[in-house]
Structure formats: C-alpha cells, structure tokens
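In the form predicted on its own, a lone chain appears below as structure tokens.
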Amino acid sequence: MPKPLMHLGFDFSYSHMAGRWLMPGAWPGHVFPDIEMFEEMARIAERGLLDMLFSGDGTGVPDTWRGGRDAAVEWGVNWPRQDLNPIAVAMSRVTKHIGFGLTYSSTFMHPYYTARLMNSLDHITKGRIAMNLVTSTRRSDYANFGMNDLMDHGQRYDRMEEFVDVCRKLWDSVEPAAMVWDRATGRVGDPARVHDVHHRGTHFRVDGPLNTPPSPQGRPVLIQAGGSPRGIRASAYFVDHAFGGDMPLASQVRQRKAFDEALLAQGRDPSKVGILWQTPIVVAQTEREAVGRLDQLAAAYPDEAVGAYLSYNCGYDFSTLPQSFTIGELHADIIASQASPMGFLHDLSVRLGPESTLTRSDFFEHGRRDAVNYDTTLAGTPSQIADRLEEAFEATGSRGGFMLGHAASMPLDLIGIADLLVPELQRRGRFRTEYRFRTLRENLADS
C-alpha cells in the first residue's frame, strides 16, 4: 500500500534579512529586492516539485525595542519588505505549477478589496494562489493603519472569521457558469448567475457582488497559523490547511489533537485538513557543513538585532527587562499588554517552566537562538532530515506536511532541498515525482 505523501512549501520570509544576505552561498551580485532573485527562487522550487513558495509579511518597521526603529533598520530586522503581490506575479510568469502563499491581515484589510485581489491573482497564476490570514499584534503595523491600540486578542479572531465569511460570499457571488462570452450574440455574462451578498455583520457591511470572473480554483486556498486555543478554533472554522509552528514534536502532537477536536466541533473531517509545520532547515552533504552554516548565521546576530527581533515579534519592549525575573511573570505582562501570548515566550515557558528564573543575559542568549531558529532547525544530511520529517509526519497523523524555510543562506539552502532532500524523500515514497494537477488546491489535496 502506498505511503501517504508529504506536502512541502518553502517560506522565504527572512531570506534577505538579519545577516542572511552576507552568508556564503547567498545570492551573488544581487541584493533585495532584485526580482531576478525571486524568479530564480521560483525556478529552483519548481524543479524540486514543491507545493508552494510562501512568505509572511508586515507593514510596519519594527520600533518596539527601545521605543524606536534604529536597530531594526541598521541590522535588517524584519526590514526591508516589499508587497508580495507583484513578486508572486513575477514568479508565476517563469513557472507553471508551483503555488504562492501571500499574507494579509484581516485586522487591517477590507474583505471586498482582498477577495477581489486574491481572485485576480488566481487568474494571473492560473489557479496557484493561497491566502494566509494573520490577526496582527505589532503596534507599528497598527499605527500605519491609523489605530492607536491593539485590538483584544479574541476580538481579532472574531473579525478574522467574519472577514472570511464575507470573502467566501463574494467568491461565491459569481457562479462558475456566469461568464458567457458568446461571440454570436455578444452576451458577456448571465445575470441570473450573479448575486448580491448583503452582508451585515459586527465588523463589515458589504453588498456585493464581486465584479470579477470566478476564480480558477473556485476560491483561493486559505491558510492560518493560530496556535492559541482561540487561534486553533479560527483555523478549524475556515482553513484548507493550517500552518503550525516550529515546536517540539510532543507539542505538535498536542496541537494536532486540539485541531482535530476543533474541526470535529465544526462538523469537519480532520482527515481532510492538513497542517504544514514550519520547519527551519539547512541541508548539506555532511552534517558538519550544515551545522557550520547555522553557526555562521548565529554569529552574525548582534545583541541589538536580537532585542529588536524579539520585541517586535512579541509586541513587548524587552529592553525594559529587570536583571532577573520568572518566565511566568513576563508572560503575564505580555498577555496583559494585549501582545501575542504565543511565540517565543510561550515556547520558553513550555521548555523551561513558568517558574524558572532568568537573568537578562540568559534571556537574550535564548533569544539569539530563537532569532536564528538554532534549536529547531533541522541541520544535517538529506537522510538525517528525511528521518526527522517522517517521524513528525507520522506522529501528527500523516496529514499535511512541512513549510520548510528560514534558511541560513539563499539560494544555497533551497538548492539543497530541491537537489538533495527531495530525491531522498522520493526514494522513500514520501514525495511526489511529478505535478499531477493544474491548481494549487488540487496539488495540496493529492496524497
């Protein structure tokens, strides 16, 4: 009996940031945002038969650390960025099969604009678009959209669910057979197949219909990465595939169980909804070479960059830390400030215990390892990494796969995935040997 197949994406969110652009094997002669870098990335990823290229996004410059953005600008911490929309279009024009996952905030964006944009991109790429929704917890992003305070954690997810409701109604407002294009009569569309939505909710009022032809996929693929109980509930409500964090295997097993329970509560079949586990990766011919590349990246992170990175991602200024504190006390302060209760502090609490006492120096050393994903990166040979992926895949139900990425050096590490890791997974019967379908939705459902 054939083994279930893994799905693989590649997260290039940080491929040019925080020292990676200086690493050996990084793009020779190119710096961000040279579009030729992204086009070559797409060609390499498609050569490796990956499901999608993915990027997170943010619209602010990190300014939480010391109340300013200088450290982020100086050291390239979550800065600079570009809108991913035109980048995905450029990458789609040099490929035929690989999909593209774009990130948008349901806290800031309007569903009509976003549904229309995703539909248009799906046409340009011939059905290869996924939308990753985030709720946004960073004050610099809020300020750029004219908002003074962070929205309550639960309210952010309430808005996200309504946002998706509106998008779905809009994507369904023009039926697949609505477009006629009859050259004999000159008729363009069938009015009986175009419908208003008349949405009246807590956060949005939208009449519709969408004024674009229906999407090649019906709807773009929907992804979301909530790891809190409320975030998991939101994922179960609407995602086609969830996005899981790079956590220890035991935590992944617990999250898969919680997600399955949430799916059942929504009347959905857990066997049909995968989780793509974020998996930082460095693959090389030898373990020594792979670990050496990760060590080089860690050495490239100065303390100011670590502080700017952690403060921005958690929404809390860690320059204000006392000389010593317990993890539980700090975690409670972060939650009280409406910043994200998940991420680095949550993982640290699980690993060390909430009653553990840390010094500032200890905290920032843990933070440095987190910033480069040192403890969670799979760094090794193709065989070693394939062993770990198979173990995690089977332990979490053999549904979904992995969002590889956070590489130490680009394009060297992506080449390693395409030319070293993928052939090993294919040899084990764990990964496709060809793209069998036309759209991203169909390829992600192929198991």
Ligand SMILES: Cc1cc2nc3c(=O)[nH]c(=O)nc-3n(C[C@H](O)[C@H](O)[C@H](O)COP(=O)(O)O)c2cc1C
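Each residue number is its position in the shown sequence, starting from 1. Note that this is a predicted model, so its numbers are computed, not measured.
Below, we turn to the form predicted together with this ligand, even though it does not appear here.
Put simply, Gln155 is far from this ligand in the predicted bound form: not one heavy atom of it is within 4.5 Å. At least one heavy atom of Ala225 is located within 4.5 Å of this ligand in the predicted bound form. Mapping the unseen interface onto this chain, Val134 counts among the residues with a heavy atom inside 4.5 Å of this ligand in the predicted bound form. Of the heavy atoms in Gln252, none are within 4.5 Å of this ligand in the predicted bound form. Annotated contact segment (heavy atom within 4.5 Å of this ligand in the predicted bound form): 241 to 249, selected among 241 to 249, 326 to 334, 113 to 121, 185 to 193. Only one of Thr377, Thr107, Gln278, Asn313 comes within 4.5 Å of this ligand in the predicted bound form through a heavy atom, and that residue is Gln278. This chain is drawn without this ligand; in the predicted bound form, the residue among Gly48, Pro411, Pro382, Gly56 with a heavy atom within 4.5 Å of it is Gly56.
Residues are counted as partner-facing when one of their heavy atoms sits within 4.5 Å of this ligand in the predicted bound form; in 14 to 36 not one qualifies.
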